[in-house]
Ligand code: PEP
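As a starting point, one isolated chain is supplied in structure tokens, in the form predicted on its own.
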Amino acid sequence: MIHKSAWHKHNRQMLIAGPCSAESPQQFSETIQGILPAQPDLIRAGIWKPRTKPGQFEGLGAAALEWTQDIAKQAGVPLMVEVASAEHVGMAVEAGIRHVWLGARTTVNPFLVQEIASALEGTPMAVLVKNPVSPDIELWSGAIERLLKAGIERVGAVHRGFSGYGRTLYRNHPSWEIPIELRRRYPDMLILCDPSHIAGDRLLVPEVAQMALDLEFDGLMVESHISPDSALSDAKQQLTPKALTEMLGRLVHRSLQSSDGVVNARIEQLRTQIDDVDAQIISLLQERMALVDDIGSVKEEFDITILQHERWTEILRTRQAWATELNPDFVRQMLFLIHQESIDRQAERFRYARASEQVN
């Protein structure tokens, strides 16, 4: 896998911008001319649009490849399109396009990803992989691995959030811990954030973009439309070219560390204290699990159920009451994880006990 620096030569975060869908030569041209002051590294254009329901605008298809490519060339910025099949790859290659991305609905299907990877093999394509619609790090990683095994030299990832049920602040929940884990697995790979699809609302795009930069993403893929309210797809989340440029100008680009040695020393001192506290937490968790094992032995000996709902309700109530200075959701999730591990350990003990009885 080529280092992220192979994607662009600027000493700044990468920017991919353009409309959700290429709707007409006029719309596309005016949008691209508008975003040029933002100095995009790539221009995005939705040619084929996989939609959730039938009857929605699904893009102009192959008919738009030629004129979107011509407009991008006139602007002096390479074009990037989404491909969702081996057939799309063939048409994109024939049109001279050298940058493509795989959408969330494609990444979720390993068979389809493999077909696309095989079609891309031997081409000069650079490929970005959006996360699957579900929060599944293995599906995302698996799609990346398939492209790497096909010999694609430039592979990167785009975090666009994950689908959920019901109304939430964001269109797609960011679940930042998942792209953070992807970074741990692929420390040198280009990883961008798509704040448009996470936000689902143009008013929220700047705060999501800032969060991405603060989490050390390598850049942004942002949807922009010359007239967002009249867009044929994703109207609510697209920025005008002017709004895009203004947002980029307001974003704070923070460094990995301070140039002030005193500040860095203070941070290291605090990190040392955090390490000490973490060691205590781990030690206490191990002590707690040893007690769980002891309780499991007693339950197994006297045929007592692993779970008592009244006890679990009491734990939730008392522990959350103790944690007055912590986020209640965090405390609840932590307690659920600890409780599930306790159940698993006791269940394993019960299985071993039954297996031993059968042998004897």
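One-based numbering along the sequence shown. If you're wondering where the values come from, they're calculated on a predicted model, not measured in any experiment.
Keep in mind the form predicted together with the ligand is missing from the figure; the text below concerns it.
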Interface stretch in the predicted complex with the ligand - options 182-190, 116-124, 103-111, 256-264, non-hydrogen atom within 4.5 Å: 103-111
Residue 14 within 4.5 Å of the ligand in the predicted complex, heavy atoms: no
Taking the shortest heavy atom distance, is residue 160 within 4.5 Å of the ligand in the predicted complex? yes
In the predicted complex, residue 197 touching the ligand (heavy atom, 4.5 Å): yes
Would you check, heavy atoms only and a 4.5 Å threshold, whether residue 82 touches the ligand in the predicted complex? yes
Determine the residues of 129-152 with a heavy atom within 4.5 Å of the ligand in the predicted complex and present them in sequence order; the list may be empty. 130
